[in-house]
Structure formats: structure tokens, C-alpha cells
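Alright, here's a single protein chain in two forms, structure 1 and structure 2, each given by itself as C-alpha cells.
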Structure 1
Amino acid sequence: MIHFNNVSKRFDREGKSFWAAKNINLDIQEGEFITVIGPSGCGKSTVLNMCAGLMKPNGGEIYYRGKQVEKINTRVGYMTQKDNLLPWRTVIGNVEVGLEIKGLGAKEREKESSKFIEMVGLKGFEKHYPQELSGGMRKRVSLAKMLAYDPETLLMDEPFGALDAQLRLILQAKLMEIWKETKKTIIFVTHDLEEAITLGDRVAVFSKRPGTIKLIQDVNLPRPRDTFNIRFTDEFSKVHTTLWDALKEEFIEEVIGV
């Protein structure tokens, strides 16, 4: 479904250039839930930006359903790391954006939007403006907005990062339920290794900048997964140890510079 073929991205700044991502090779199957983890600044968001067609690689190509991504990829929904809610629209007005583009009538838009606003726990906040919400609430509006648009592929960049642990577990469970029902393809970036294992069919570990894929680990935990209890199973700890061994090397070098 999505094929990264030796994808690299360079940024130029004040006469200097550096590679944010280097030689990314990755094949993602239709209906797969892949999670991505790696140190801050290693190019994870950059890779999603390229997949959404917002940036072009400086080397290699990305193919989506066999077609090279060269402009905005309208088949994906992108929940960016920093929310991009429209400040002049209310919560429901923001969630309705994608439905307007699809040409739905007012009644149907309201019905669909309300369903997803309720799902993310924001019933009662429909008429609030983004600046009246907390960081975690804004993230949830972005999630509702993407789900209401109903794209076949979801690109999610640390979607649950600003949420408390309890709400995070609830929304993880919701997302897995939606994924199972709708058979979407999901690329999910997170800083939380437990979250990466709980959700993913595979976990891709990125090295520090310039980001390359260091390891891709299958997660053979049965589904449906219980987002709270799955972490206490033996298989979970086995996968956790393997991934943490790969990941910690990147962080040790990042922090103490060896």
C-alpha cells in the first residue's frame, strides 16, 4: 500500500545542509497498524510529512498504491504533531471541515461530527473555540476531525502525547476498535515504547538523526488487545526488551554524546 524506496530528506539552512532522514526503506501493507519510535529530532515527522505529500524527498521515492506521491496525498488523513485547528471555528466547526469538503449536508455533518466529538470525550464542548481548550482537548478535536473525514490511511504523529495516562488507554482502545472495524492502514508515531507495542503489528525503531530504520520488530500479541493488561504478559516483556535494547543506544548517544 505504501512503499518508501530509499527515501532521504535534506534541509538547507544558512548555507549549511543536513540530512533529517536517510535511506528509509519500508513497505506498509493495506490494513496494517505500524508504530514508529525513535529519538527526538530523528526525522519521524519529516517522514510523515513526505508520506502526506507536504514535502518532497531529496532522494528516493514514496509510492502510495503504486503511484508516486508528488503532491498532497488526499487519501491519507494526517493528525500532525502540532494541531492545526482553525482558530475562528468552534470545535464542531473544525470537525466538520472534512465533511464539507466531501459535500455532506448540514444535518448529516452535524450528526457525524457529534458522534466523533462524543467518542473523544468532548460532548458539551461543541461550541467552544480551540483557544478555550487545553492541549489534550485540542489533540482530541484533531483526532475527531480526522476520524470524521474517514480517510483510508491515518498518519498520526504523537496523537496521545498530551493526554493523561487513563484517557490515553481509553483512546488507544477506541482507535484499535475503529481500526478493526474499518480496516484502515495506520502509521502511528509515538515516544512511548509501551504504546508502540500495545498498538502495533510491527514497531519501526528509528536511529538518531539522520534517521534511518534501525530495526523493525513484529509484535505477535493476540488481538483484540486489552490496552491496560497486555503489558503484563510474557510476550510483551520479550518484545519490550528487544526494542528497548535497540532504542536505548540511540538515547545514550543523544544525551551524553558518545
Structure 2
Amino acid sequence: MIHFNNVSKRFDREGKSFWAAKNINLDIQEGEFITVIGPSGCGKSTVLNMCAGLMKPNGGEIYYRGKQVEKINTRVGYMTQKDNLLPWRTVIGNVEVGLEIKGLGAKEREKESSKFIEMVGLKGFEKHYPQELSGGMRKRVSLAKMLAYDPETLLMDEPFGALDAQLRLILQAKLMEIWKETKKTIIFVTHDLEEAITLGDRVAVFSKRPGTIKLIQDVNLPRPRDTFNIRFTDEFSKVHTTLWDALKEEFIEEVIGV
């Protein structure tokens, strides 16, 4: 469904150039849940931006359903670490934004929005404003807003990174329920190795900048997965050890500044 062919991205800052990502090669199947992990600044978010058509690569090509991505990719939805909710709109008003862009009438918008608000567990909060919600609830609104637009693929850039550990587990479980129900393709960027293993069919490990994929690891854990207890299984430990061996050198060099 998505094909990265030797993709590279260079940035120019204050008269200097640097490569954020280099020679990315990756194939993603329809309906797959793939997680991406690596050191800060290794190009993970840049790869999502290029897949969404927000940036153009300086080398290589990205293909979506066989067509090269050369402009904004309207088949994907994008959820960032910041919730980006409109503070003057209620929960249902925020979820309706994409439906308004599509030109749906008021009654149809309300019907569709209500369905996704219930899906993310916020029924009864339709008339609340973002400032009246907790951080976790705001994330749920952002997820409902993206789903209501009905993109084929969900691009998720550390969406749960700012939440506490317990709330992250709850939202991971909710996301997997929604993924099972909607059969969306998901590319999920995270700094949390346990989160990457818990959620993903495969985990792509990025090297330090310029980021390239140094390992793609299959996660052969049965589904549905118990986000609260799966990390205590032997298979989880084996995958964790393999991925940490690939990651630790990158993170050690990042910390000591090598």
C-alpha cells in the first residue's frame, strides 16, 4: 500500500545543510500496524511528513497505492503529539471539522461525529470545550476527529508521549480496539520501546541522524493483546531484547554526544 524507495530528506539551516533521513526503504501492507522507534532527530517525524505530502524528499520516491506522493496526500490522517484542537469549538464541533471540509450537511455531520465520539469513549462529553477536558480526553477527541474524516491510513507521531504511564496503557488498548474495528493502516512513531512492541505487527528501528532503517523486527504476539500484561510474557521479552540490542548503541551515542 505504501512504498518508500530509497527516500532521503535534507534540510538547510543558517547556511548549513544536514540530512535528516537517508536511504529509507520500507513497504507497508494495507491494514498493517507498524511502529517506528529511534533516537531524537533521526527523521521519524520527517518520514511521516513526507508520507503525508507535507514535505518532498530530496532523493527517492514515496508511492501510495502505486502513485507517487507529490502533493498533499488526502488519503491519510495525521495525529501529532499536540492535540491541535480548536478551543472555541466543543468536542463535537472539533470532530466535525473534517466532515465540514467534505461538505456534509449538519444532520449527517452530527450523526457521523457522534459515532466516533462514542467509539473513543467520550459519549456524554459532546458539548464540552477542550479546556474542560483532561489531557487523555483531549487525545481521544483528536483521535475521533481524525477517524471521522475517514482516512485510509493513520499517521501517528508520538500521540501518547506526554501522558502518564497508566493513561498511555488505557489509550493503547483503545487504539487497538479501534484498529481492529476499522482495519486502518497505521504508522505509529514512538520513543517508548514497550509501546512499539505492544502495538505493532512490525517495529522499524531508525539509526541516529541521518536516520536510516537499521532493523525491521516482526512482533509475533497473538492478538487481541492485553496492553497491561503482555510485557510480562516470554515472547515480549525476546523481542524487547532484540530491539534494545539494536537501539542501545544509537541512544548511548545520543546521550554522550558522540
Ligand SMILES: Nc1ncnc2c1ncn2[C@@H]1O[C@H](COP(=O)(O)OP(=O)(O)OP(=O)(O)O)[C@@H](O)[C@H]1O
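In this text, rigid core is short for the largest set of C-alphas that superpose within 1.5 Å between two forms. Everything numeric in this text was worked out from a predicted model, so none of it was measured. Counting starts at 1 with the first residue of structure 1 and goes up one by one along its sequence.
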| item | value |
| --- | --- |
| Identity of the form predicted in complex with the named molecule among structures 1 and 2 | 1 |
| Identified hinge, Thr185, Tyr78, Gly43, Val120, relative rotation of rigid parts between the two structures | Tyr78 |
| Angle of rigid-body motion between the two structures, smaller part versus larger, in degrees | 19 |
| Core-referenced Cα shift (Å), Lys107, between the two structures | 3.7 |
| Angstrom displacement of the CA atom of Gly136 between the two structures, core fixed | 5.4 |
